[in-house]
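Let's start with one chain on its own, the form predicted on its own, as structure tokens.
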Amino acid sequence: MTHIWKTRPWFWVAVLAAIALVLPLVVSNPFAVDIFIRVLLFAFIGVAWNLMGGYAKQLSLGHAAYFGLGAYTSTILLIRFGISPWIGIIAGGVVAMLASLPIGALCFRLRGPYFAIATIATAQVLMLLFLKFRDFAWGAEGTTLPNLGDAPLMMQFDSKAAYYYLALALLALGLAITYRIERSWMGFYLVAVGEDEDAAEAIGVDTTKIKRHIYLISAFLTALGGTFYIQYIYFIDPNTAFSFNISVEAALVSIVGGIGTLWGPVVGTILLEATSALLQSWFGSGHGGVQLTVYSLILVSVILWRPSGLIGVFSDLYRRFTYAGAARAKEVPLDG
């Protein structure tokens, strides 16, 4: 068993993938599947945020801007022009990437809390703009998406399982891109920028270029999540698409799980989103204070106990297991 842990890490990834694939087939309760979908979606958004906020340590609290741009682009193309969301999801990603260029050019002039405040402002400005676009983007009232029934070509499905597998595919895409970046020259540069931006510039790293490139990728992925979410709930308005809660959740799941790690946002999402959904179902809207209290206690406990994130707990257990197994294998029995 220890040999498998040490030499076949992809074996365990395959096991997790197999469990994820069969989960909606084993669990048929619609409420449970809905929780799974939301966990996968916010894990994906957390993975997208983690590229910018985790590896490069640029605390962006305005990723709702790209979430909303992706959502509105695909919705406008669908309702105004009849274009399939499968095309709209890519178009939304491209629009988000283009928007990240001027936003990044302005925000990257700032650092620390000033950068975070600037990103919040950009998301709020976009929300206010779409509140005013009544004729083109339905204003504050929003609009419902046309329900076409079971229409896979229009990204609409009768079964929640189909949305589950689509969210799972998005998460797999985000993890694959993160894994590739993490092991490339860009990943090393991102870590250098995150540790000490001035030192990185001193050794010849073009920090502005690196941040711009990773911001483009992060914005593109976040926009994909926005399109999926609106297609899932069949409704869009500025307060939903550009909600500040989306930016905060993306940051929190990564911080709790472990920023700058591949699986950190996934671990953080499983804890926070699943706990939030279960508490809401148990206590309902009449005991909202209990839900928020438990939620905040989890956040405070994890941050105080494990500032590096929960992924560190699993790393420690992994090392202890492998090292203990290796030590037992080296023990030589005494005769007699």
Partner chain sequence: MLATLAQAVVNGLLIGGIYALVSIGVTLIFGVVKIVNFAQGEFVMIGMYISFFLASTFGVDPLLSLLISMPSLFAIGVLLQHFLIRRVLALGDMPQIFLTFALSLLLMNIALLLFTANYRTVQTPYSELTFHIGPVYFAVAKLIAFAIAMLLSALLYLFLHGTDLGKAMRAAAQNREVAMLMGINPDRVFCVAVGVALALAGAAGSLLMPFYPAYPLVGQIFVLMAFVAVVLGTLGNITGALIASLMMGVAESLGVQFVGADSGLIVVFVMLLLTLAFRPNGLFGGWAR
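Numbering follows the first chain given and starts at 1. Keep in mind that this is a model prediction, so the values were computed, not measured.
The following text describes the form predicted in complex with the partner chain, which does not appear among the structures shown.
- Interface membership of residue 29, defined by any non-hydrogen atom within 4.5 Å of the partner chain in the model of the complex, is ruled out.
- Using a 4.5 Å cutoff between non-hydrogen atoms, residue 118 counts as a contact of the partner chain in the model of the complex.
- Taking non-hydrogen atoms only, residue 114 approaches the partner chain to within 4.5 angstroms in the model of the complex.
- For residue 305, a non-hydrogen atom is located within 4.5 Å of the partner chain in the model of the complex, even though that partner is not displayed.
- Checking 121-129, 218-226, 154-162, 79-87 against the partner chain in the model of the complex, the stretch whose residues place heavy atoms within 4.5 Å of it is 121-129.
- For the three marked residues, 110, 248 and 251, a heavy atom of each sits within 4.5 Å of the partner chain in the model of the complex.
- With the partner omitted here, the residue from 259, 241, 170, 266 that has a non-hydrogen atom within 4.5 angstroms of the partner chain in the model of the complex is 259.
- Annotation for 147-172: no interface residues with the partner chain in the model of the complex [heavy atom within 4.5 Å].
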